[in-house]
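Next up: just one chain, as structure tokens, the form predicted on its own.
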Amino acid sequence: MRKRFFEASARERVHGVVDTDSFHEFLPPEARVSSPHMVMLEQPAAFDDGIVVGAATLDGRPVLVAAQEGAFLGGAIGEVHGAKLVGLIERARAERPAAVVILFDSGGVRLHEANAGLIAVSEIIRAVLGARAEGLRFIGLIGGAGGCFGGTGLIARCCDALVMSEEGRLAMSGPEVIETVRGVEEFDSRDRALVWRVTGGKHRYLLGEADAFVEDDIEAFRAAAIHLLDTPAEFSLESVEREHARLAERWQRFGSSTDAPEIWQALGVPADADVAMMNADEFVAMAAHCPGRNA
């Protein structure tokens, strides 16, 4: 029976993605490691501070895993949340697993402890890039209700590879943030179709920001993560320069576009109106034949 990634909790996702009975959680809820700031602010706290971290195997190979819990404060990053993820990455640098797998589900930094959260994001990014420079592989999975926004979006784009579903969303600024700063005329956060076609998995895959596109199914995410374990990764100055050049070229091609379908048309998507109705296999097959996607 299909198990939806979108509706699952962080622990359900972890146990579904990794090998059966292989997950060992570090600092579980019974350890009572939670944010000290939330209590002082008389706000609800979680005993795992909204993130699950631990060790497991994936297709028989050792991995370290982190999963953000979008049901707690939108998966937002605070001091302890960030420290658990940094600690996991530092452990990876010592143990050398096949990969670090991060299941993203977060709106960004926790406003209740914004300064600590911002520092945590910078520490996570530094840890990811430092570990990648040593040859460690990072695979991100995005398909939760909270999306992957703000500082979390930056962390995700530092990974070697990303897997997204149509329900997943990825961006630096969330829809509500854009509307607050620029006005509803710039971006209407209540227009769910607009939100998903601009930040959703299909658009990100067409732009080359997601390396795999799958159905909203835990087993599909697992299969994609296993496939990416053996996909060659490159982390060098030359690869960064190529990415910068690609982004600059993308700005030249699409900078005047006002909505995602205009970009799809330029990429050669045959029928914009059909994109939303395609399942994952149909969509990936269609994207492979878009003449402008890899131009």
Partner chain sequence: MKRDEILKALFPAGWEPTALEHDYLEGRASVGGTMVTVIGTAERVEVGADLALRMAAAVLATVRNRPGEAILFLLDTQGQRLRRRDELLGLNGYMAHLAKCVEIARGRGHVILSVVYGEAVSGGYLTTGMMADACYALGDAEIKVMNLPALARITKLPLERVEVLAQRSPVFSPGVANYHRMGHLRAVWSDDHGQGLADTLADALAELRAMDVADRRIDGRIAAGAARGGRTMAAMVVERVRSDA
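Residue numbers count along the first chain shown, from 1. Please read these numbers as outputs of a predicted model, since none were measured by experiment.
In what follows, reference is made to the form predicted in complex with its partner chain, a form of this protein that is not presented.
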Exercise for review: Consider residue 97 of the chain shown here, and say whether it contacts its partner chain in the predicted complex, taking contact as heavy atoms within 4.5 Å.
Suggested key: no
| field | residue 257 within 4.5 Å of its partner chain in the predicted complex, heavy atoms | value | yes
Contact of residue 227 with its partner chain in the predicted complex (heavy atom, 4.5 Å)
no
- Task: Find out whether any non-hydrogen atom of residue 34 is located within 4.5 angstroms of its partner chain in the predicted complex, and reply yes or no.
- Result: yes
Checked 219, 215, 123, 211 for heavy atoms within 4.5 Å of its partner chain in the predicted complex; positive is 123
Its partner chain in the predicted complex has a heavy atom of only one listed residue within 4.5 Å, and of 136, 206, 76, 80 that residue is 80
query = Taking 24, 86 and 247 together, does each of them reach its partner chain in the predicted complex with some heavy atom inside 4.5 Å?
reply = yes
Those residues of 219 to 253 with a non-hydrogen atom no more than 4.5 Å from its partner chain in the predicted complex are 235, 236, 237, 238, 240, 241, 243, 244, 247, 248, 250, 251
